[in-house]
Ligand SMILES: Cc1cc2nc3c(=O)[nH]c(=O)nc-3n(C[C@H](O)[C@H](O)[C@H](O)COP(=O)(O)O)c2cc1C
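Below you'll find only one chain, the form predicted on its own, shown as structure tokens.
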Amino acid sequence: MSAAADKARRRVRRAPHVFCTWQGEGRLVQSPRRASGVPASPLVMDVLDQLGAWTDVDRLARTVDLPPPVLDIVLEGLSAHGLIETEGDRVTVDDGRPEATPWHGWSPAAYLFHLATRDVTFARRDSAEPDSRTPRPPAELPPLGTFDIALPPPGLADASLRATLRDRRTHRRFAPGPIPIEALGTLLGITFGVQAWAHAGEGPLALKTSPSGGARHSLEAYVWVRRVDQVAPGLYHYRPGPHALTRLDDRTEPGSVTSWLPAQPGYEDAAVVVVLSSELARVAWRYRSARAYRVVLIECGHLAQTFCLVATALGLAPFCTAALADTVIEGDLGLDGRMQPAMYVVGAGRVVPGAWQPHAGQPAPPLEITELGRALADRVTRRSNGPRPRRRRASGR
């Protein structure tokens, strides 16, 4: 069979997830797995309309009334942009209707993001070239104000990791009064501070207590100091290299925490609120795939858990939340929401004495402690130099 006949007999279909965008005066049809699309011309839309199921190319040529050589050119372009799939090649597996899945209740954008960041092609580090068209973004931001506050070095007592993991809870009520500046220095330094600089070929790379894909460390900490000893209330940027706070010039703190964290009045008495904002250019310079954005979201979790554990070890009451007013926060901090989006918020305050109570004015729910919980609560730490010998049963012989 000739190559031309093979081409005519192959079967193609429209990729399961395709969307249109409007740019300038024209429409583009695009795959969520590609950075660019193709003009949504009548011919392109006609071809895509016919490919809702696997279709022979020769039959498609007759349906759209195109000579096979011309149709081949059209199909090659659509395939290169991820808009069609060829039977026998690697095709999309999750092509079911989202109505039958948990995605049904969410915006279609959530599912498109999920698809865009799945099954990407990974390259070895020595073959993954950065974006040579732009200079490497700096690993640290320059001072964003004219006044710096040097923070005390981190100081964490020899707290048991087991006890800290056991005691970590999310708090939504806080005792009155400030937290010490030493506690703030420890919280910021251990969570966000630079432990060392690795002098790689591309430039200095920060090493911190939490991992970051490619050591990009795109997440910056913007600190709303509300009640901290020896630090005036206001909005600051934490500089992870020199371990210092820079007062943001010409930025006024909001009137209430609920302007940043809507419908969450329990955080109003927090002593400090920290916004995690991503410098996306640091990540995009190294990684071209949309999966890099998924990694940024994961890294928010790394940092938030570190922050909450350190706060717990210091005897403070931590919290973390994604229920935030993105645009309001970015406006108050002077951030570009496209290049420096607010991603997550953490904070801490003084612990209210007594049993943990997640919400003010509501009794704590009854807790059923599991075997694991009892093990973590066990105050007896057994010293082990290896596996404990099993006690033999009497054999009767």
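Start at 1 and count along the sequence shown; that's the residue number. In this text, all values refer to a predicted model and were calculated from it rather than measured experimentally.
Absent from the display: the form predicted in complex with the named molecule. The rest refers to it.
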(message) Under a 4.5 angstroms heavy atom criterion, identify the one residue in 231, 325, 244, 320 near the named molecule in the model of the complex.
(response) 320
(request) Taking 4.5 Å between heavy atoms as the contact cutoff, choose which of 114, 302, 291, 169 touches the named molecule in the model of the complex. (result) 169
(request) Identify whether the named molecule in the model of the complex is within 4.5 Å of every residue in the set 264, 267 and 356, based on non-hydrogen atoms. (result) yes
(message) Looking at 214-222, 236-244, 169-177, 134-142, which stretch has residues with any non-hydrogen atom within 4.5 Å of the named molecule in the model of the complex?
(response) 169-177
